[in-house]
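In the form predicted on its own, a lone chain appears below as structure tokens.
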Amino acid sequence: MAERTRVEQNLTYATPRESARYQQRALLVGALFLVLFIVGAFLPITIGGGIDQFFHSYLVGFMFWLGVAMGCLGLLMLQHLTGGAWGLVIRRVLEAGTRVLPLMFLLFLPLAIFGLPHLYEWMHRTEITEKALRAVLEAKKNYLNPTFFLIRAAVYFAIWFALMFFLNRWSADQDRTAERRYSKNMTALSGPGIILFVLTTTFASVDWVMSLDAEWFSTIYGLIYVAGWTLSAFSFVIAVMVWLATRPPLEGEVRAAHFHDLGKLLLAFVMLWAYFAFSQFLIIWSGNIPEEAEWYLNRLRGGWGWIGVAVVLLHFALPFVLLLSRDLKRNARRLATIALFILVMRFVDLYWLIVPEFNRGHFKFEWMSIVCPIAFGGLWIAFFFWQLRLRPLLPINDPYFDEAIEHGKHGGH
């Protein structure tokens, strides 16, 4: 394949012009809902406001959109390790998703600086009178303390930023030079990078969510977030790719065979998430240890059980059945509908995982926990479109580019 210049790439595979309009709209929605969310912090508790509720909802919104950015990072490394046309056509979308991580770091700062006392009971161990709980917190004080908590968070973000920086830098260098060594560099980094991704995601989910209940623990909890974040990102990426594939310049380049591959992988990630989630439930429920089972009891009582049933039926069973269809996977618009539905159910699942910690055994609809994800989502999507417009939509100078495009023309038969 002849080397093509950077200017030619940007002209040939530039992001559709209407992306700027969507970016502006997303930013406007994000700003309006962010103002509403901040106002909620000063409203009475009786109408679902207050500073405690503000940070409870903040954690929900932050973890959901962090999951999309982090899932893009994991998928990007998986693509560099495995190759294949499926990954090459979505690489630019994945890279743009990873470059939203600086925004997520900025959104983490209010949690780190102001939010910890409003979220975590281990921040108040000296004020707790219950002997059993106080003994547990004292035993874990070397790990669950503000200083070490923030140090670990800094390490997580440093690792994520390093992986993001080098993968995006080398990809840009490959665009400019068409040298194969950059592909080798990205593959070499992605091997240990995947391990770091799994480890840091596990520890981050334990620190930021599981420690909401300092007495409870699960060895599978981090893997649920690894699979869930990857599924969130993949659902988002499929929806974006369908939008791009119906407009120039990708119209006619990304075809049914590509979406068939993406649909099969979406089904695989749905099954992987379900496997981890069910394994944790089966182990804890069959073990019947009170301090472990109590976590599920809080999510099965007072109306929360209906949310759990909805997650089982709508997050797993329905997508599983629908994605078995070959025709559906090859139909881009139908696949996008399923992907967006799964993304919504990812939020419902996260809501079910986090919010019962603040209302144990009693279902409570928190309007701020809806407003916050919309606010952060507007900012996230605006930042994403800004980053997506900075590079050509396809990596023309990748050594497997022509093969990936040909797969779309002749694959899947």
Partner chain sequence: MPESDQPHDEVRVHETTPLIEPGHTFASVTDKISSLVLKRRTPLGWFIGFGISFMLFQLFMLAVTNLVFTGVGIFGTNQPVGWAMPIINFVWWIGIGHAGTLISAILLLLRQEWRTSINRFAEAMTLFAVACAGMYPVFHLGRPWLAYWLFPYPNTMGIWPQFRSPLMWDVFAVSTYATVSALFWFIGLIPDFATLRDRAKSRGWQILYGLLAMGWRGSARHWARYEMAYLLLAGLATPLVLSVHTIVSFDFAVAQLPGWHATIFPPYFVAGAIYAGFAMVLTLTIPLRKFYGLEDFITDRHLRNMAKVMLATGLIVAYGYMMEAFFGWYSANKYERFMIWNRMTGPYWQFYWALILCNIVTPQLLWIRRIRHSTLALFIISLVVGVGMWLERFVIVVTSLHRDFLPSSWGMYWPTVWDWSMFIGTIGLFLTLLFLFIRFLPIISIFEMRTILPQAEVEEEAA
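Residue numbers count along the first chain shown, from 1. All values derive from a computational prediction rather than experimental measurement.
From this point on, the text means the form predicted together with the partner chain, which you will not see here.
Q: Would 210, 216 and 275 all count as contacting the partner chain in the model of the complex, using a 4.5 Å heavy atom cut-off?
A: Checked in the model of the complex: all three residues contact the partner chain.
Q: Is it the case that residue 318, even though its partner is missing from this view, gets within 4.5 Å of the partner chain in the model of the complex, heavy atoms only?
A: Looking in the model of the complex, residue contacts with the partner chain do not include residue 318, since no heavy atom lies within 4.5 Å.
Q: Is there a heavy atom of residue 222 no more than 4.5 Å from a heavy atom of the partner chain in the model of the complex?
A: Residue-level check for residue 222: yes, a contact with the partner chain.
Q: Quick check on residue 203: any heavy atom within 4.5 Å of the partner chain in the model of the complex?
A: Taking the distances in the model of the complex, the answer for residue 203 is yes, it comes within 4.5 Å of the partner chain.
Q: Does the 4.5 Å heavy atom contact test between residue 18 and the partner chain in the model of the complex come out positive?
A: Although the partner chain is absent here, residue 18 would stay clear of it in the model of the complex, with no heavy atoms inside 4.5 Å.
Q: Pick the stretch from 107-115, 171-179, 230-238, 139-147 whose residues have a heavy atom within 4.5 Å of the partner chain in the model of the complex.
A: That would be 139-147.
Q: May I ask you to list the residues of 95-114 that have any heavy atom within 4.5 angstroms of the partner chain in the model of the complex, in sequence order?
A: Sequence-ordered list is empty.
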